[in-house]
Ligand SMILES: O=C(O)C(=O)COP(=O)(O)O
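First, one chain by itself in structure tokens, the form predicted alone.
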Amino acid sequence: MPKVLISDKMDPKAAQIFRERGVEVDEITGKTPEELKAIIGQYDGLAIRSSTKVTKEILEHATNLKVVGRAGIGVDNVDIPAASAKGVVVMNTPFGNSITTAEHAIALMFALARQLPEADASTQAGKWEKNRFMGVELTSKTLGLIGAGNIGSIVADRALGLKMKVIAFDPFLTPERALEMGVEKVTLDELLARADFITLHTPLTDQTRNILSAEALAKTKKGVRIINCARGGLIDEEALKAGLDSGHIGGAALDVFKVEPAKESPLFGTSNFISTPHLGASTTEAQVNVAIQVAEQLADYLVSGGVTNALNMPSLTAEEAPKLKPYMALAEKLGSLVGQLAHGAVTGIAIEAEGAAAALNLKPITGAVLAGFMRVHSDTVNMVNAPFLAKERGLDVREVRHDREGDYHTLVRVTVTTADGERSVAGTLFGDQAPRLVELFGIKVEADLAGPMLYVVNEDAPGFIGRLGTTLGEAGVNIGTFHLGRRSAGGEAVLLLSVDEAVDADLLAQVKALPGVKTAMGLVF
């Protein structure tokens, strides 16, 4: 009989589900790391919340551990690379607190509209300042959603019930899905210019960090009210305070901060500012939901091998795994590449296989492509939940097998459709194991995709490679590998360089300023 340890306080229904499913369970909470090391070796599964830290040291003592389940979204307390190296599956429950978080955003929106915290403090201080607090109605106001995924769509539904006009910015939101949600899909600049209220529902990634920067906040409508129940770091907090102090921003409510716990902040004490201590998931119902979900997921895996919401494992049979593993590594790299390079909203993505790849199970390959593609915009996506997230956003995903024989014995091609047309990348396996890029946007190029890289599109002309090398060398950046392709002599050329460290913004600006450069950007694999 499988045995699970619940090491953090969790709703009793979790233990009940384990027992009903034939899993032995111990509820032992509050243990120190040393105490946990002493007992973890006897368990097949570990159910945690945020208190237990599943470190490399803990995992070294977990000789029988097969799966870790996090009741909640964040897995910062789990060393996923170490777990993967040990063959331990890590799962979370990304959708258990969606309604609770959405409701908290709506509550903060009401509180901003009517200045409820300040009015409460004033009244309890015996001031009765009825004329001081003049609020605004939500009816007929425009709500701007930054992020229209699971939580964002719930907020939109609630806002429409309040008779608000809802506009949304989300790179993955298709016109069809926007129509289904009853929202208007807009660009970020349009949203900033039109929204009376702005609420953020996007993960923190390199692309979304400081999405509401000082520059973006300057583009907002005067008097805008801003709510963030998603992730700290999405808003430039110093710029937000400046906007509040100047009166350009009418109010702001944050449930999350760049540094947590937020014991101090430049925003504290600012007029028209509301803060809560990361309460988005803090309701009785949400805690019950995530406890039930993590218990069901762990029991499914330990009893029948089912995999749900795994962060480090695709859905595979034991027979398929060895053959598909290198293809999935290739697919994820191709998805990541096209995700980083695609411009504009992506409405469709096609995964094509030819040669030996056409005879394989394409579902895991597709999952790997989508995980790589969407990881650019999401910190919780994985090979298992990526197809679900793509469907939720209305992304048209196609799988195509070709019987034809091409230049390579096996080939995987990924093509994305945007408003600017289709863009395609393709790769193969060398020795049936090593992923290799062989085509980039119609240009033949052979390259390994690993670590930090520099991508440059330039006019093919003598002396360019020397100037680029000099620029990187003067900045102290060492080139690992150098890959070149071109459409024709004197035409458009593509450079992919692996570098020992990521290219920063200042150096990237220098590269872009070189004569003949059309595009330059840093990539990470």
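None of the values given here were measured: they were computed from a predicted structure. Counting begins at 1, following the sequence as shown.
This protein has a second form, the form predicted in complex with this ligand, left out of what is shown; the following refers to that one.
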query	finding
Listed residue (389, 360, 437, 73) with a non-hydrogen atom within 4.5 angstroms of this ligand in the predicted complex	73
Listed residue (64, 50, 481, 55) with a non-hydrogen atom within 4.5 angstroms of this ligand in the predicted complex	50
Close approach of residue 219 to this ligand in the predicted complex, 4.5 Å, heavy atom	no
Exercise: residue 258 in contact with this ligand in the predicted complex, heavy atom 4.5 Å	no
Exercise: residue 281 in contact with this ligand in the predicted complex, heavy atom 4.5 Å	yes
Partner proximity in the predicted complex: residue 375 to this ligand, non-hydrogen atom cutoff 4.5 Å	no
Segment that reaches this ligand in the predicted complex - one of 33-41, 65-73, 462-470, 492-500, heavy atoms within 4.5 Å	65-73
Contacts with this ligand in the predicted complex, stretch 202-235 (heavy atom within 4.5 Å)	231
